[in-house]
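So this first bit is one chain, no partners, the form predicted alone, shown in structure tokens.
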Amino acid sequence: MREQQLRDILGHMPAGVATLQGQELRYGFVNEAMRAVLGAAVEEGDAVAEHPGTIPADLLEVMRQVYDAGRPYVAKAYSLPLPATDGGPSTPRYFDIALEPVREGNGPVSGLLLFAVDVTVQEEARQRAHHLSIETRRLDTRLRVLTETVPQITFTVDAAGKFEYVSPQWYYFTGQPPTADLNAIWPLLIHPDDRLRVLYQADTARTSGVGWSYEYRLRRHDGQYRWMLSRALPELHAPDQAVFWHGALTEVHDQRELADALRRGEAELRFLADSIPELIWTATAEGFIDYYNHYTGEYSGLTKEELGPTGWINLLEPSEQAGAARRWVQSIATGQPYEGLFRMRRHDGRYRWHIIRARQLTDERGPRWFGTCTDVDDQYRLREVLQTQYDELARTNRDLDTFVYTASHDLKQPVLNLRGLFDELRRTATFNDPEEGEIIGMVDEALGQLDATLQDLAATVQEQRGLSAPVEALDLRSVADEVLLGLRAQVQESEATVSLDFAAAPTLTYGRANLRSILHNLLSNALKFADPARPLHLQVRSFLSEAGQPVLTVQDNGLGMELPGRPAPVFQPFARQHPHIAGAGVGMYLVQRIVASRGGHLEVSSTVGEGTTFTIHWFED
């Protein structure tokens, strides 16, 4: 009865139980759990060796050894391949196998008691934990390599503020030995002016269980204090309790100094902008004004809020606002510079002329506009006055030229009449005067000079009217040959030698009539003022200056002249240096006038008795 109850209890146990009898280890009692483990139908009396089921050979061998030795043995998490219930491949299950020798009293071993407890769930959990531990160590190693490779100081502190870990970069940066007490030395390396603030902020963050981010100065190995950015985040354990803080120290000294320099530069630029008596503003990429200097408020009498994002347009004269706004929108769309002349209202309601300019600057922050409104009202009104005066002077000058030309033209006929009367008087009348010949010669010379003066006046007016003649590309040799052809009689009479050298600069863009007049006056003057004691040598040469501008020189070995001590004398009309030679004294005045009107200047070097050199710089360098 008792044995049957024991069999019933063991039969319903979740663990596998079996008795193995005799040296052959024949099955005795086998409960249902063990039959499921064996995976085969076994009968009482069957030998394990003949019907092993899922029992592998190594376990069978251990059973025999336990039987022979009489010493119990437990195999932990032993893997047995159990067949699948659906006919699929067998799956491994893990069991704790216990082998207990059975004796009758103190007699020899008569069998074995076999226990098999399924620990598959626990073993798989253990294996997962083991693999997770291996992966954790691998990731920890990788993380440590990364933290010790990056150019930052990484650290871990606990809730009490004690350092659990610091990367080697800290030792490199501070120059401290690895044996240094981090908790004692670290606060001492913080700049005295930052130490209390840093300790308070770190303690407050740990107490609150939050991260932190602040900057402070840390002493480097060379004794210099460098700005560092300290950032850390808490590691939370249940229930939301911060246990460790993991963070990094990043050196931001250069960035901070650059930012300070930029702030100082910006402050200085704003101070400079506010000190300039001119309206200065900046605008976003969309054209909305986000800064006005101080003078803008003084000029307009409005605050920055009242001016708004389009303030300068609202200050313009109403009839000009729409056009100015359209041009401003076009500049914003295309990025082209903005410039215009507009009337802008002052705080007293008066409109003053301003030049409004804006340019776009693009940098890493994107495009921005910088603009100015320059008050040019006084210059504008002065220009209007000057323009009026210029127009009046030009009109007066034209009237004077007309008068001179008309007078010289109208006087020609009376001079011709006088000449005719004088010639008739000389032919028919006689004078009983010993000085008759001298008087007649003087009268004849005076009439000739009067006629030449009238012709020169007319020529001067004609040249003045031709100063605005259109320019064209001219061949210098061709024009010079035309002029010399007209002076052929004078050249032959003076037996002059003329040398032309235009190889270095053969062409000139100039007015044809102006160039002919200049060459005619220079060459005719050289022929007129030739030294009778020696043959005249006349050299005409063109070349380019160092700045690449064309230059012409006319050199002779004539009488020469006295200069007032400067390289570019001012020639006045009717001024003459050699009164004994016929002339009106307007030729060089005309040359000087034409050259200056075309943007050039005339230089003269001369020595009395040796000759003169005229140098014409056609255009200023």
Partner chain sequence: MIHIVYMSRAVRPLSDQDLQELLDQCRRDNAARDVTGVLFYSHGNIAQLIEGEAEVLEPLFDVISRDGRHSNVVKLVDKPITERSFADWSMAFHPLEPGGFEALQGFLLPQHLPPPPSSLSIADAMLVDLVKLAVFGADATPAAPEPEHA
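Treat the numbers as computed from the prediction; the structure is a model and nothing was measured. Numbering follows the first chain given and starts at 1.
Another form exists, predicted together with the partner chain; not displayed. Remarks below refer to it.
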Does at least one non-hydrogen atom of Phe529 fall within 4.5 angstroms of the partner chain in the model of the complex? no
Can Asn106 be called a contact residue for the partner chain in the model of the complex at 4.5 Å between heavy atoms? no
How about Gln336 - does it come within 4.5 Å of the partner chain in the model of the complex, if we only consider non-hydrogen atoms? no
Contact between Trp328 and the partner chain in the model of the complex at 4.5 Å, heavy atoms? yes
Tell me, out of Ser545, Thr497, Ser110, Thr507, which residue has a non-hydrogen atom within 4.5 angstroms of the partner chain in the model of the complex. Thr497
Among Ala503, Ala322, Ala75, Ile355, which has any heavy atom within 4.5 Å of the partner chain in the model of the complex? Ala322
Specify the contacting stretch among 213-221, 151-159, 174-182, 307-315, defined as having any heavy atom within 4.5 Å of the partner chain in the model of the complex. 307-315
Could you run down 270-291 and flag each residue that has a heavy atom within 4.5 Å of the partner chain in the model of the complex? Glu286, Gly287, Phe288
